[in-house]
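The form predicted alone is given below as one chain in structure tokens.
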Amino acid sequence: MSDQDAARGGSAGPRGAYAIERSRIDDWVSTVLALGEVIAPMAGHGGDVLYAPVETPDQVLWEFDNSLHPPKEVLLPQTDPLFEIRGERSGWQVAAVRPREPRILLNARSCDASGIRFLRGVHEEDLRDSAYLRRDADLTVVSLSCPQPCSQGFCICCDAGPFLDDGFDVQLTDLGEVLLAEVGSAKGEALVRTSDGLFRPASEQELSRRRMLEAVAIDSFGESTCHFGSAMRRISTGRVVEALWDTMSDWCFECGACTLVCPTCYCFSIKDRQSGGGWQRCRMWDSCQYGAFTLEASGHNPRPHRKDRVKRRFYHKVSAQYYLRDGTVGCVGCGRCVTVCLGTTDMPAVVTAIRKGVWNG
């Protein structure tokens, strides 16, 4: 290893790898809390895991089943004020809502860090979404790798975990007595360097341990066969018969739960709400599975039937056309749709049906 590599903390991670003693983690979190608002997994009422602002290191969870709701709300709030409209003597004034202070998202699972990377690409394309991208620029993402994948997850099929090669600012891996910190960006490097000497360059033994944990995690998924490719070919070339869409859509309750818990969904509506003596124009979560989502002012609806909406959702997620645009499938394999779907029209079930041409319900 060269002197330069040693200074950067070894060879893992785009900007090197470092280690911190597990006993010093609370000291590091205290340092991070001084830099801005920290959003981390914590125990909510009833023991549910949720991502929320924390005030002390002891609130942060390090061993947890992933939350039902993804932390995408940090960047894409359910109700997102875009600008304010105020009536003045000189007339109506429009002012952008000021961005918050810098924030750190701590212990995001690999699938959720991948979801944030996906959303960044979407909001950079075509008409750049300045409101979203300002928040993204002010957010540092610290991901926590998954040596033990979750029971419903299939992130390996989407190249979204259980460990990441990029798409994070810092990636943490629990090695027992130490945590390995792989640095993936300038923001991540700044987070490590401002930690008052708590981190040291990772040793080759620690890097080897991290690689071994990743290999074990990948093996725990069983046979490494990804079916997205074959489903993508069928859906992109029109080889999914309409009767199959009819059958699958009968199982959809149009509740929208799949879209609301998905780390990569971003459908929205625009509404105005009163605020003080004026108004706020807000972007609000919506769902492509709702009948009114595409309803036009004229009364025409280009997707009037449930089948049309189910078909559109999976075309957006799986088709080659969107893969070419986004560089990946629109799924990170978190398994949340499996958990919440009342009718079993979750991603694995529908992809299997598309691939085989048969729906088993």
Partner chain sequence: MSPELARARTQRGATRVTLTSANPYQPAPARIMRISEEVADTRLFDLRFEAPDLAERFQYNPGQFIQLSILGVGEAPFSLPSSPTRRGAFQLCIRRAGTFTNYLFDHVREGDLVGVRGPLGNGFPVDQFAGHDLLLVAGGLGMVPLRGLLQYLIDLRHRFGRVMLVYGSRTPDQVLFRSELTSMSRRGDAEITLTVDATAGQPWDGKVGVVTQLVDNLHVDVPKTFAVACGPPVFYQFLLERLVAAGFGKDRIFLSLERRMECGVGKCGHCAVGYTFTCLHGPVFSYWDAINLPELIYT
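Positions refer to the first chain, counted from 1. The structure displayed is predicted, hence computed values, not measured ones.
Heads up, the form predicted in complex with the partner chain isn't pictured, but that's what we're talking about next.
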So in the model of the complex, is the partner chain close enough to Phe253 to count as touching (4.5 Å, heavy atoms)?
no
Arg303 near the partner chain in the model of the complex, any heavy atom under 4.5 Å?
yes
Does Glu177 reach the partner chain in the model of the complex, with heavy atoms at most 4.5 Å apart?
no
Heavy atom of Ser30 within 4.5 Å of the partner chain in the model of the complex:
no
Which one, 241 to 249, 215 to 223, 156 to 164, 87 to 95, holds residues whose non-hydrogen atoms are within 4.5 Å of the partner chain in the model of the complex?
87 to 95
Answer with one of Arg209, Arg103, Lys187, Arg283: the residue that has a non-hydrogen atom within 4.5 Å of the partner chain in the model of the complex.
Arg283
Considering Gln205, Ser230, Ser269, Ser151, which brings a non-hydrogen atom within 4.5 Å of the partner chain in the model of the complex?
Ser269
What residues of 314 to 349, in sequence order, lie within 4.5 Å of the partner chain in the model of the complex by heavy atom?
Tyr315, Gln321, Tyr322, Tyr323, Leu324, Arg325, Asp326, Gly327
